[in-house]
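Single chain ahead, by itself, as structure tokens, in the form predicted on its own.
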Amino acid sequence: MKGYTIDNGVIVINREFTELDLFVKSFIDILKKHANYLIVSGFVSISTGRTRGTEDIDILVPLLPREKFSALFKDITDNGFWCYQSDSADEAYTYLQGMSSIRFARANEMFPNIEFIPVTEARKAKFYELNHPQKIKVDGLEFNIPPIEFEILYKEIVLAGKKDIEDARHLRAFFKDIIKESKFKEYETIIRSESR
């Protein structure tokens, strides 16, 4: 039996809610008030039932204007998170301007953490996936991920580590009934354009 159903275009995963899900939900509930976002990489596989550990949740976010980021930063830190790079929104923003990611975790904790990854049009593949989200839902947590075929190919072509290949294999098997081969051809061109 499949581990998911599809309800109005949302992939609904049939599994128990976890502490990691709760951590992600607490951050996403704040983030989505301020910006678009996309959860990528390990948590996509974990959310679909693959059993493996992770210390960070990778989230793509468009590079926000300074004022909007400052409001988001305040909301995040007012709600029990801290930023590894700085207690100052202005200082943290300098990392994002340089297209470096920053990290957030719950106060007095290091793990798990959110890797907050800035995206502009210059990062073609990331910009594309950010603007073509697939909704997925686990119990009380609904969030955005890349199109399944895109996530699989990105893991196979760009990341290509042992864990990534195993994640991609899991996603291919888990979603075998809805994967479209034509999408792989379309997305491969986009993904390879970023690595040129």
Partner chain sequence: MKPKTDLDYVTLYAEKLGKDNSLFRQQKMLIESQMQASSSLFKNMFSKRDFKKCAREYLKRIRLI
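Positions refer to the first chain, counted from 1. Fair warning: this is a prediction, and the values are worked out from it, not measured in the lab.
Separately, the form predicted together with the partner chain exists; it is not shown, and the next lines address it.
Student: Wondering, does Phe184 line up within 4.5 Å of the partner chain in the model of the complex on heavy atoms?
Tutor: Flag for Phe184 set to no.
Student: Find out whether any non-hydrogen atom of Ile11 is located within 4.5 angstroms of the partner chain in the model of the complex, and reply yes or no.
Tutor: Because no heavy atom of Ile11 falls inside 4.5 Å of the partner chain in the model of the complex, the answer is no.
Student: Flag Met99 as yes or no: does it have a non-hydrogen atom within 4.5 angstroms of any non-hydrogen atom of the partner chain in the model of the complex?
Tutor: Met99: no, not in contact with the partner chain in the model of the complex.
Student: Using a 4.5 angstroms cut-off on non-hydrogen atoms, would His170 count as touching the partner chain in the model of the complex?
Tutor: Judged by the heavy-atom cut-off of 4.5 Å, His170 is in contact with the partner chain in the model of the complex.
Student: Name the stretch: of 41-49, 144-152, 123-131, 26-34, exactly one has residues whose heavy atoms fall within 4.5 Å of the partner chain in the model of the complex.
Tutor: Stretch with heavy atoms near the partner: 41-49.
Student: With the partner left out here, if you bring back the partner chain in the model of the complex, are Leu63, Ala71 and Arg192 all within 4.5 Å of it by some heavy atom?
Tutor: The answer is no; none of Leu63, Ala71 and Arg192 reaches the partner chain.
Student: Check each residue of 72-109 against the partner chain in the model of the complex and list those with a heavy atom within 4.5 Å, in sequence order.
Tutor: If the 4.5 Å heavy-atom criterion is applied to the partner chain in the model of the complex, 72-109 yields Trp82, Cys83, Tyr84, Gln85, Ser86, Asp87, Arg103, Asn108, Glu109.
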